[in-house]
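We give structure tokens for two forms of one protein chain below, kept apart as structure 1 and structure 2.
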Structure 1
Amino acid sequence: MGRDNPAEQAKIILRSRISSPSFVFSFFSNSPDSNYSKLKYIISSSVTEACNNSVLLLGPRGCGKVAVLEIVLEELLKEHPDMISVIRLNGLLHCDNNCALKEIARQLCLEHQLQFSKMASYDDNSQFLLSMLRECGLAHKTIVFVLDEFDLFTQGKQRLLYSLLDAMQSITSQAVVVGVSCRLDADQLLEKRVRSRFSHRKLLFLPPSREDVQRLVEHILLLPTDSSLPNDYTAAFNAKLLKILTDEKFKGIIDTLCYSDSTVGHLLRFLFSAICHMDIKSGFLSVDNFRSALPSIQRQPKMEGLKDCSVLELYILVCMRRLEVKELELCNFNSIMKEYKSIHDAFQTSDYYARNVCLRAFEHLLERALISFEDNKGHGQSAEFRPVKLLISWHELHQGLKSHRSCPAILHKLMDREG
């Protein structure tokens, strides 16, 4: 099935690389200033020195907080087999204290091959957690609690966090609590008494700098020399790639990419799509691949929505815009229809549709979220009478009309007049 084709194979290798966070983020692991080594030091020293710690990993989404943590945990599990149990919780799933505690008990039971009872009460589970912490401490075992979406655990009375962090104040327990959150003020969300028990180690994950991006791209895209690929192909591929990387055009593309979002996750999505564009016949990546991947990564949903609108829908949008300019307090379907009619009367356009057709178009616009109801009140009322608002600005509308393939000239005129 084309497996023998080196280009196909190379594509598979590259794609699987991009999809595995552990490969991508292993790039950051060698320097001592990286979060990887800091985190590893904190956790491994808690394991070997039998102390408790709590760490927060903060940073925007797509910067590899969880990925780095997973790499660290995986390595530590390898270094200290049988000595670390990892409990993973997610704020989106377990923000309720009761169910979080149950999940902890379940994972602990699973890890140590104990029988687990779903019926156990909150009390039982919290007692079980404490005794497990003690027993594990006596056996030199460390329990690592990973709380993803940490900010969501801070809702309510924060019982779970309090129990966990308070349990870590005793000498026999040996545990690390790792919170992962994209909210920078996650630690401020903690209640005072919980915050006081928290050890306040914070690691900040930032988007990579320009140079790092450049090197990361190299790290990901250069084919390994020790793979099953033919050597001459690898060499040719890599040479070609290095040439692309130094190309000014390519640099421009990366700059545009990073202009709006410079996180690793964004970059990976871009590279993935670029690789999908790779030409199998030639077997090499080209600048064009990257260029064509760019629009697919920077979608403009509203503009695309506009592009697909029917002429009638455009009329309605323009009418709404005109009403907006007139600063009428209330704008609903009926007032739009009035405006529509007045346009028709003034210019005698050929596009005049019956009212129910217009209502259909109106509802369609609502569905596409180009317009929306002003408030959530009055569900009982029929859609014609509820006040609506335009969700796109003049600019967008203007551009949309311009790029629309069959926009009547009259609409352009109307818009231009206003502009």
Structure 2
Amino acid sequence: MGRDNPAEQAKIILRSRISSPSFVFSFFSNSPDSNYSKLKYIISSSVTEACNNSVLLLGPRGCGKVAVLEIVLEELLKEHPDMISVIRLNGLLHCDNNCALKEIARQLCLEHQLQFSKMASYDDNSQFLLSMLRECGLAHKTIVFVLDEFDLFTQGKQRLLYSLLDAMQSITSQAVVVGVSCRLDADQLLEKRVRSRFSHRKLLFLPPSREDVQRLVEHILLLPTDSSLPNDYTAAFNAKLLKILTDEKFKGIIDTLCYSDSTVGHLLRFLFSAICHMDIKSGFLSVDNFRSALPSIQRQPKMEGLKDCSVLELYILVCMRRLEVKELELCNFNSIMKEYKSIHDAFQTSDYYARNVCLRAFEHLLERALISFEDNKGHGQSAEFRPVKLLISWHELHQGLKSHRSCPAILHKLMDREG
């Protein structure tokens, strides 16, 4: 039944696209200045020119470092069959030098159909690695070492990194070390003896810009014209989608999505959820589908906590936000009370409570972890005098006030001023 329904087929096509890194990141691989092109050149030059290379892929999680690397390796394995061996290590599993070298030996033995000895010592595995690098170099075969969570390999004496990079100084070796890390300062964690052997190539993966996000959504969601779908349905679907992409409401949804997390991975989860909300009867995506998908992928515990706050607690949070904007050196209960009184005096609000009531509301916010003390010092000091900080962003507070049933209009007005 689903196969006869073009809407069901369209959902299958779009879901398979989102689940395919090669399709998603082909959008970024067209430019010669892309990380894809640079990484492919670095690794392929080691294969074709019989040289050693090392490179770091750095950037926040979800920006496509591993996805682009896998696409490059897959293409090179097809272009140069039997000329590349890939050894994969993860810092979460193999940060111990002995364990990492044993895993390298195991994968090399598996790749070249050799017998692996579990009882081999660190020195035995080290000698085996050197001999394999030499033999593979003589056979014009490149070994690619992929070190995921690279920064974890820099802990301790860095014997593994030194052994790998030192072995690559040999004329006969032919290898590439690719480090993947979400720490932008990963290269600074290397010891001097390791850093001197590293090639200092770094590729920085950043979240896409708003314009790129818009184009990427179009790249993923526009149905192909050469598919098995009816041509009239494809044309109507694409026309409706292009209209949605220019809608200001849709752009607002994308802005909200990217405010907290603008990585490609987060965007793909959002699009997958939007497709799941697509109405099969109409057969088309709508702005409501994207609006419904937004709260389903965004964890908003702080905003949920705001729903149960009293009006007085909302006043305290807004006062703290105003004190942040004023960049006061000290923010404590007393300074919050001064700001609270200034708001009351300026606008003659009816929501004015006694100091002891305000203190209980203040302590309640501390319990709910919407605010916290600046440090652990001053345990014997009264809560009124200890410095505090706000644990909720302007955006979360602004949205929380909008969704609160009893929020006074004056607080909306004050927050709009601060924005």
Partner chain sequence: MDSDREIGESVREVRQTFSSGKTREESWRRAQLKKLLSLLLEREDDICKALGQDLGKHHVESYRDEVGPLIKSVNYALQGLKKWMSGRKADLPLAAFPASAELVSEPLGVVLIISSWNFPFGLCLEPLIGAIAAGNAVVIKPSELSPASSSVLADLVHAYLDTTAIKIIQGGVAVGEQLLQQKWDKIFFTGSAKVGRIVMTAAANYLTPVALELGGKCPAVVDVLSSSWDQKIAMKRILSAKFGTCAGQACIAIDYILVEKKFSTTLVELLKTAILSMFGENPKANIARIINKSHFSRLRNLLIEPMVRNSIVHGGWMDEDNLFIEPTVLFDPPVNSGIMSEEIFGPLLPIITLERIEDSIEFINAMPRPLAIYAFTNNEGLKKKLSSRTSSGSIVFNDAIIQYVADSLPFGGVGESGFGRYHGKFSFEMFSHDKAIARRSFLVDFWFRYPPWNHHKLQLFKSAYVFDYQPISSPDRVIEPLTPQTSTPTTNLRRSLRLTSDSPQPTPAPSRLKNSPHSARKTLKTYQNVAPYSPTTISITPASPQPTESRKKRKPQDNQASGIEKRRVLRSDKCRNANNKGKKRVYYKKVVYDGGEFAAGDDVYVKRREDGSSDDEDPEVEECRVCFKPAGKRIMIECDDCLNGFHLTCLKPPLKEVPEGDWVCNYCEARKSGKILKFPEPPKGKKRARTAREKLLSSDLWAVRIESLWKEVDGSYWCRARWYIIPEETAVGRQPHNLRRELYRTNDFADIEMESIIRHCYVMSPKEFSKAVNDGDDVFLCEYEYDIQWHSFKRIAGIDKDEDDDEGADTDDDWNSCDESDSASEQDIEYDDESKINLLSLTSPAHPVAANSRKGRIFGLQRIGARKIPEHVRCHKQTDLEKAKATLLLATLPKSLPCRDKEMDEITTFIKGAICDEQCLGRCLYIHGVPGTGKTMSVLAVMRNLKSEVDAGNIKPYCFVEINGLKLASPENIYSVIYEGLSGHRVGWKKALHFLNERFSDENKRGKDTRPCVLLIDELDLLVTRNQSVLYNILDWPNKPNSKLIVIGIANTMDLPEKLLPRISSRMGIQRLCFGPYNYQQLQEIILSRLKGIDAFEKLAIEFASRKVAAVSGDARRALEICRRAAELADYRAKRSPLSSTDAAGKIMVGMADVESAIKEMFQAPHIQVIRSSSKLSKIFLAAMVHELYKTGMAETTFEKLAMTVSCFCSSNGEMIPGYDALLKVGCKLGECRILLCEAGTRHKLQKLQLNYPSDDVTFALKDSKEDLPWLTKYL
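Everything numeric in this text was worked out from a predicted model, so none of it was measured. Each form is matched to the other, and the largest set of C-alpha atoms that superpose within 1.5 Å is called the rigid core. One-based numbering along structure 1's sequence throughout.
S.K.: Assuming the other structure does not fit, state which one is the form predicted together with its partner chain.
M.R.: If we ask which form is the one predicted together with its partner chain, the answer is structure 1.
S.K.: Given a superposition on the rigid core, I'd like a yes or no on whether Ile392 shifts its C-alpha by 2 Å or more between the two structures.
M.R.: Yes, Ile392 moves 2 Å or more.
S.K.: Comparing between the two structures on the rigid core: C-alpha of Phe362 shifted by 2 Å or more?
M.R.: Shift of 2 Å or more: yes.
S.K.: Honestly, after the rigid core fit, is Gln169 moving at least 2 Å at Cα between the two structures?
M.R.: After core superposition, the C-alpha of Gln169 moves less than 2 Å between the two structures.
S.K.: After superposing on the rigid core, what is the C-alpha displacement of Ser403 between the two structures, in Å?
M.R.: Comparing the two forms, Ser403 shifts 8.0 Å at C-alpha.
S.K.: Asn231: how big is its Cα shift between the two structures, in Å, with the core superposed?
M.R.: A shift of 2.5 Å at the C-alpha.
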